[in-house]
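Given next, in structure tokens, is a single chain: the form predicted on its own.
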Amino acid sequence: MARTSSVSAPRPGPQSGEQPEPSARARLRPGPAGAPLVVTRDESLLDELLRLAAAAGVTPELVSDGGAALRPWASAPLVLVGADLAGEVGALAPARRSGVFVVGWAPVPQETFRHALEVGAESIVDLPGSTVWLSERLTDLDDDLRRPGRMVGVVGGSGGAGASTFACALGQVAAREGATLVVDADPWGPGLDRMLGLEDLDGIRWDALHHATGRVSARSLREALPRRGSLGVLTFQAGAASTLSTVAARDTLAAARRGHDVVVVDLPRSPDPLVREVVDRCDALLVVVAPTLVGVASAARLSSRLGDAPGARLVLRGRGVAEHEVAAVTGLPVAATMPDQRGLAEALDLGLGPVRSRRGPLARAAATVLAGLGPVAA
């Protein structure tokens, strides 16, 4: 996270009150479309910001006076205002927007906090203490500009309905079209990395994210997870069930959406408030139901608790109670139906994942559901 300081002792450089002559490169250097905006006359600060931008693969637009900053102010995805020019920019009353930060060498002068309010900054980024945070923010610009991925929650209408299996199937099918992440939010489940055959791959698990606070880098998360091709998985450490941190789960899922086209979350059936929060953030909630009398009765109780979620629908697995009767009892529409799939247990035991063929029941049902999410998913 960006840190702030309150002690006023400027970094060695131009004396207070001096206005150094801007260098040729800093007067105005337009960047490519979608480039972050850097506003400063401080040569040492500019050099550091250019170094971080180069490491992130970003070419910023450079401006050395407040007036010139107003033109690209609204369109830049990120605005970094040097502490040396924050007062000058603030005096021009730029339009309020998100993604504005005042950057300075620590400890920043006390008046910088007032100037940060005037420019509408989210916070003050002090260097070198916040170098890692700023580097990740620059690295994530491409992900921030893209449309957030669709997030789909999957929960079992009853125990043993096959929600985890269907979540893995959704992940396998969605990964054919783009970056996909399957998230295990059930600490007492079988372990989705094992079901997908990814348990032997290196990568972080939930235990490494429990202490995460603030904005999580989408690219760092994507690259740190166990992954094969376009399909990644986030699950719990094998043999060590634990609870999810609400803050870590919230920030991690937000980063997952920025960095993936589709995020599938396998949810527990517990009444944990975190489950409700995740459900409310999903674009769709799929309740997997075994259409037996017991399975439908259990699904009806679950739908009374979660049925008002956005995009809540049923996925019927197996044969039994008629489709329209299940919909009438639960009060939810049916998104897809599928018969039992032969050889499923063997495929999971071999670490091949539930989807073995594009024409299998799980693959067809998953494709039907994903097609209903829109062009990002299918």
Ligand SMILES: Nc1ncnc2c1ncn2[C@@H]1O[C@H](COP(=O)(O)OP(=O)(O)O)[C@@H](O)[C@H]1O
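A quick note: this is a predicted structure, and the numbers were derived from the prediction, not measured. Start at 1 with the first residue shown and count on from there.
One more form of this protein should be noted, the form predicted together with this ligand, which is absent from this view; the next part is about it.
Undergrad: Using a 4.5 Å heavy atom cut-off, are 185, 244 and 285 all in contact with this ligand in the predicted bound form?
TA: No: no residue has a heavy atom within 4.5 Å of the partner.
Undergrad: Against this ligand in the predicted bound form, would residue 338 count as a contact residue? Criterion: heavy atoms within 4.5 Å.
TA: The answer is yes: residue 338 has a heavy atom within 4.5 Å of this ligand.
Undergrad: Hey, in the predicted bound form, does residue 76 get a heavy atom within 4.5 angstroms of this ligand?
TA: Heavy-atom contact with this ligand at 4.5 Å: absent for residue 76.
Undergrad: Residue 160: heavy atom within 4.5 Å of this ligand in the predicted bound form?
TA: Contact check for residue 160: yes, within 4.5 Å of this ligand in the predicted bound form.
Undergrad: Can you check whether residue 195 is within 4.5 Å of this ligand in the predicted bound form, heavy atom basis?
TA: Yes, contact at 4.5 Å.
Undergrad: Hey, of 197 to 205, 227 to 235, 151 to 159, 246 to 254, which bit sits against this ligand in the predicted bound form at 4.5 Å between non-hydrogen atoms?
TA: That would be stretch 151 to 159.
Undergrad: Check each of 334, 50, 56, 344 and return the one that places a heavy atom within 4.5 angstroms of this ligand in the predicted bound form.
TA: Of the candidates 334, 50, 56, 344, 344 is the one lying within 4.5 Å of this ligand in the predicted bound form.
Undergrad: What residues in 65 to 90 sit within 4.5 Å of this ligand in the predicted bound form, counting heavy atoms only?
TA: Stretch hits: zero.
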